[in-house]
Each structure stands twice: as C-alpha cells, then as structure tokens.
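Here we start with a single chain on its own, the form predicted alone, put down as structure tokens.
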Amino acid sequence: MLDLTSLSVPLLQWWDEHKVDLPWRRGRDPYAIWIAEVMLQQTQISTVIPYYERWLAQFPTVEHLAAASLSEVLKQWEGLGYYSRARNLHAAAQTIVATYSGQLPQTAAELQKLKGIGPYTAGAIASIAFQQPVPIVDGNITRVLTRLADIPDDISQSQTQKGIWHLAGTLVPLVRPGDYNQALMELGQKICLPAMPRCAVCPAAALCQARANGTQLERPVRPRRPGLPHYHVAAGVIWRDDGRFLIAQRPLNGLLGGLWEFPGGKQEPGETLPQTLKREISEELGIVIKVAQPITMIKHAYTHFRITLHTFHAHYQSGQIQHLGVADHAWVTFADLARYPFAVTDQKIIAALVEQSRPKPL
C-alpha cells in the first residue's frame, strides 16, 4: 500500500508549479465547478473552454439554468455531444432550486442524489468546491493508480474498479483534497500518458511500482475492444408546397433526446435507402412522402456504433402528421433553424443545403 504523505507532498508541489490555468480553476463557485466537471466528461479541455464560458454567460447561476427551457439548454449545448449531460444538468438544477434552496449539497453522498451526478462528479464537486476529503476516479486517475500500485487485474471488472476506488480513497489527504484530486488527474493528462509515460519528469516516479517492475506500458490491463457495428441510415429533407420543410424532435429519452433532426432511420436488410426513408417516415410521423435526389452522405461515430447517413430531398404527399416516434415536429424555413438545437450530423446536412442553395458561378 502506498504511503499517503509520500504521494501527496510531491504531487501537490508539482501541481503548485505546473498546474494549467483554466477558467473553472479561478474560483470556488460550486455551480461553476459542477458545470465544468460535467462538460469535461468525455470531452477535451480545449473544446470545453468556449462552451463553458458561453454557458456561464447565458446561465450564470443555478437559478438561471433551472428557469430556462430545455430547448434553450440544448441549444447552448449544441455541438458538445452526449446530450443527456445537458438534460440532466437542467433537471438537477430544478431540483437544487426546489429542494436545496438553490445551493448545491456539500457532500458526495448528497450530490449523488441529483440526476446525472455519479461518484466521480460528486467527488470532484465535494473535494474542489467544499474541500471534502473524498476520492475521484476517471480514466486518467485509473491509469496513474494502476501504475503506481502495479495492478495486474482487468480494470473492466467491477471488483478491480472497487479496489481502485478504495485505493484512491486511502490516498486523499485531509488538507487540500481538491487540489490533490486535480493534480492526480492532471498527472494522467500531462505526464502519465497511455503510450509514452514521461517517467523521467514524474513527481511520483520514486513511488511507482510499475516503473520499478518495468510494466508501465502494460498498465492498466483492459480487454480487447470489439469492432464497432456500422449502420446505414436514411434521412429526409421533406418539402411542402409552400417552401417549408419538416424537422422533428427526437424523443426526450434516449440518444440525442430532445434535439431536432431531419427525420429518418436505420436501413433494414433488403431495403433500398429510399425505401428505408419512406418506411421510417410512415412509422415515426404517419405520412407518405416521395423521395427525390440525394443531398449528402455523412460518416459519424458514436460511442458504441458508427453510421453512414444518407440524406435525400423528399416531398410531402399525404397524411396527417402523428407523433408516433417523435416528440414534436415543425415546418420551417432556413431562417427558423437558428432557434432549434441540432446534433452535429444534422448541422452538416444544413450546411450542405446552404451550399446547394448558393448561386453557382458562371
């Protein structure tokens, strides 16, 4: 077992000298720290910074966030991905205002009662904002700890994960726990890199059992990842005779919930893409369309699968729109689109439409 003092002292000294200046590190506002921690989940720091600054300008307090509409929240999040994070932030803000008088709870246990806040985010808020001596474990910290302790077990196993959380908990100092947790995470980001760990400049090198045993590149141990499944998807820009086209809101629960899109769906075996689009529009909206020429083809990867999205112009023919597989719909013009939050793939469709509508040079 690692000695707490022998790790925290050099780690905090390194942090004091080398920590990166980031907007959310310039204060102790629990709300701002919460927003940053949620945005940073599975998203690069450089991507998060402008979103974080715009978010706090639009929703400077938890009360402002709670009072906003879900559409406003999703529009502010547009392009950041993993949209359930935004929906959960909105729901949790409403709970904080209604149940906690607008103040975030100060303990990790109480924070985890809020929607979307798990052990990592709760520990980050509690330790950074409220100086509670609780651990955090993310991918970076997992890599650091499995190397420090030279853990040979598969980190995908729940028992291994519990052991890493326990180890992390034994190492959090009573003094400056928030700085310590951030230092440990930044050590993984800057020094204890996956393929090329910078052991020569690591403040914890003298304590690292994997370095002593020559197993740094073998830690952490994880199973081989299977290939991601791939799907072909058809979507339609469905035009009405008055020049408006149809967009639909995805169901609030599920992938990209609450965002707007050009409707369509996954191709089934034996179908052509136009047949897929006609079937999906009938199943989701209850209308009949005529599929016309293609617009663009977009490749996109999600966490657990990849798609090739084929988009077509189409024309409304008959039927009354029903919300069979969508939350809402709207007939819009290009000028209306700025009011609606779209996922990245649909933003690319919009860009293709705009490009096609431009006059061609003579």
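It should be emphasised that the depicted structure is a prediction, and the values quoted were computed from it without experimental measurement. Numbers for residues come from their place in the sequence shown, where the first is 1.
From this point on, the text means the form predicted in complex with the DNA, which you will not see here.
Colleague: With the DNA left out of view, which of Q94, N140, Q161, T215 would have a heavy atom within 4.5 Å of it in the predicted complex?
Modeller: The residue in contact is N140.
Colleague: Though the DNA is not shown, can you say which of G243, G102, G169, G254 has a heavy atom within 4.5 Å of it in the predicted complex?
Modeller: Here the answer is residue option G254.
Colleague: For this chain shown on its own, do Q41, M185 and T303 all sit within 4.5 Å of the DNA in the predicted complex, going by heavy atoms?
Modeller: Yes.
Colleague: Which of 220 to 228, 286 to 294, 197 to 205, 272 to 280 has heavy atoms within 4.5 Å of the DNA in the predicted complex?
Modeller: Within 4.5 Å of the partner lies stretch 220 to 228.
Colleague: Consider G118 of the chain shown here, and say whether it contacts the DNA in the predicted complex, taking contact as heavy atoms within 4.5 Å.
Modeller: Heavy-atom contact with the DNA at 4.5 Å: present for G118.
Colleague: Taking heavy atoms only, is R25 within 4.5 angstroms of the DNA in the predicted complex?
Modeller: Although the DNA is absent here, R25 would touch it in the predicted complex, with heavy atoms inside 4.5 Å.
Colleague: Does L353 reach the DNA in the predicted complex, with heavy atoms at most 4.5 Å apart?
Modeller: No, L353 sits far enough from the DNA in the predicted complex that none of its heavy atoms falls within 4.5 Å.
Colleague: Applying a 4.5 Å heavy atom distance criterion, does Q189 contact the DNA in the predicted complex?
Modeller: Yes, contact at 4.5 Å.
Colleague: Does any residue in 83 to 117 get within 4.5 Å of the DNA in the predicted complex, counting heavy atoms only, and if so which ones?
Modeller: Read in sequence order, the residues that approach the DNA (within 4.5 Å, in the predicted complex) are Y83, R85, N88, L114, K115, G116, I117.
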